[in-house]
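Below, in structure tokens: the form predicted on its own, a single chain.
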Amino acid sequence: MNENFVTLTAEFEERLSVFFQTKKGYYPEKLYQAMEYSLFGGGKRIRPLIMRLSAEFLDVSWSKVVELGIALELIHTYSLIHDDLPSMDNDDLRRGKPTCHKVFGEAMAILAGDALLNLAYETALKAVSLDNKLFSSALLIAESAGACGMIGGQAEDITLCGADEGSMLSMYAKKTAALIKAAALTPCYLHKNEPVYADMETFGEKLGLLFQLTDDLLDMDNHSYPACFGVEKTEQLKNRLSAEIFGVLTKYGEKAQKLAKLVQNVAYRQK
């Protein structure tokens, strides 16, 4: 990853750690441990990074939206805990470590996911209470995580029958791209130049699909896009998405350079 991105990610990791440590002693010990285990299990923190780079691109102070970046990462982590459960994907390992339910039991894992989701909304609401201009951003995150977004995409993934390309990409747009698009759009509502909103929405949605397809090629799951339609077609789609994203960013010139580098990092990462 780009050296600057590594630094920004490390800064967010420290901020998240300090934030979460303030909850210690207030939560039941086992629940806190289960939440902590998953939250600091080696995530890429790609969503907060997108939000930060988007804020910088839009000349919005990161300090104004960082709490929403934390909320977004809490939502993402809760979703992984629940995805790994025996009733869902039934995964024993995540990032090379035993999944939350394998370490703490299924019941505690469910509660840890529930608690992280509720903490996300507590965090977002506190941010809005301090600055009501963040209301639209917080609402966007909630909608992107719900039945019209990530959860709806997960439901479609469970019920998806056959290898229909349109249905699979629609599912990806909700399950993965919705929160990534939300990360790109969150700072927009503090920015007065509304015409840029549409470009950031396109950027976020296509970047989310690009992220998922890259994951598919790295993991080669039996039900993934490359498994259904082939590696060559997946690479072609990735190239088309990259070209479409760069087409959006090009008109902003040097100002969009970091966003362009992020696209390259997403498309060509090795893990």
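All residue numbers are counted from 1 along the displayed sequence. Bear in mind the structure is a predicted one, so any value in this text is a computation, not a measurement.
Just so you know, the form predicted together with geranylgeranyl diphosphate exists too; it's not on screen, but the next bit is about it.
In summary, among the residues 57, 211, 225, 203, the only one with a non-hydrogen atom within 4.5 Å of geranylgeranyl diphosphate in the predicted complex is 211.
A heavy atom within 4.5 Å of geranylgeranyl diphosphate in the predicted complex is found for one listed residue only; from 80, 173, 125, 142, this is 80. When geranylgeranyl diphosphate is considered in the predicted complex, residue 94 lines it closely, a heavy atom lying within 4.5 Å.
The closest heavy atom approach of residue 67 to geranylgeranyl diphosphate in the predicted complex falls outside 4.5 Å.
In the predicted complex, geranylgeranyl diphosphate sits beyond 4.5 Å of every heavy atom of residue 52.
Among residues of the shown chain, residue 101 is not one whose heavy atoms approach geranylgeranyl diphosphate to within 4.5 Å in the predicted complex. Checking 234-242, 26-34, 57-65, 211-219 against geranylgeranyl diphosphate in the predicted complex, the stretch whose residues place heavy atoms within 4.5 Å of it is 211-219.
Residues 43, 44 are the members of 23-44 with a non-hydrogen atom no more than 4.5 angstroms from geranylgeranyl diphosphate in the predicted complex.
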